[in-house]
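As structure tokens, one chain now follows by itself in the form predicted alone.
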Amino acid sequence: MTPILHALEHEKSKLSQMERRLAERILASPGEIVHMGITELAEQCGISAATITRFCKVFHFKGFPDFKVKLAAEIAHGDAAPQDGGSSYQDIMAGNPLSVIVEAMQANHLASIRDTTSLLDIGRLEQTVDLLCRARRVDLYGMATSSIVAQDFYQKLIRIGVNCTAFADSHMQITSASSLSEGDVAFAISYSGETPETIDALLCAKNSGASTISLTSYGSSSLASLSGISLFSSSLEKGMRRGDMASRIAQLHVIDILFTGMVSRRFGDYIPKLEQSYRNVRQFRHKRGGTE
């Protein structure tokens, strides 16, 4: 099942009766849907075209044409994926030999990156890179595993001279968000999109006048709805035993894309700072007897 279809299945119980009818029709024959017009689909489901448009926007598409393009791409990618590296994530099992574990981790991480890439909206990525490059200050919010991802982005941004913070403490996130204003950016990371502390910090930043960006798993969530720009990673990984391994890789994949996009856009400004930070770290590390 592709990320879009997985999200429809996961969110189906939360939809209205008419929206649920539409979701079930899509899930039953996704390959047919991509060749239908909105009027034909509306008549088959006994709903209005406006309902289909609203449905698509709930799942963060511009409209039905955009939904069909993204769904068709996912179906094509799914058909082209190797059978031994498909989108089925493997959980931790008792007694597995290390050779099997190595292959399972590789399959999980590759599937996570592939599924996340299929969800990326180039327009939203461009907007995000533009905001980050122009920001007077960037706040990064995340709790638990998402805090690790926020810290990774922080250490990248600080190397190119971006004024940013990444507090793991929820009280400090609110304190920092309170001092933001227009021209600043708040970037919130939460796999579920429902982490209360992260939602509170982003809401505080939004009320302070900052531009807001979120990175969540694909689907509807409070954090995605709150943010001005919503970015998504794969939502296929489930299970307590996995420790958010593939989902973390997916989030880091998006972060790496954003960082590379920033450096590419302002190459003349950022590369000298990146090189200088590298030289300074090497100089002082060697001075204290550090190793490569």
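In this text, rigid core is short for the largest set of C-alphas that superpose within 1.5 Å between two forms. Residue numbers run from 1 along the displayed sequence. Note that this is a predicted model, so its numbers are computed, not measured.
This next part talks about the form predicted in complex with the DNA, which is not shown.
- Partner proximity in the model of the complex, defined as non-hydrogen atoms within 4.5 angstroms of the DNA, places exactly one of 246-254, 65-73, 23-31, 226-234 at the interface: 65-73.
- For residue 262, no non-hydrogen atom is located within 4.5 Å of the DNA in the model of the complex, even though that partner is not displayed.
- Contact check for residue 280: every heavy atom lies farther than 4.5 Å from the DNA in the model of the complex.
- Using a 4.5 Å cutoff between non-hydrogen atoms, residue 54 counts as a contact of the DNA in the model of the complex.
- In the model of the complex, at least one heavy atom of residue 47 sits within 4.5 Å of a heavy atom of the DNA.
- Applying a 4.5 Å heavy atom cutoff to the DNA in the model of the complex picks out 16, 17, 18, 19 from 10-34, in order along the sequence.
- For residue 62, a C-alpha deviation of 2 angstroms or more is recorded between the shown form and the other one after rigid-core alignment.
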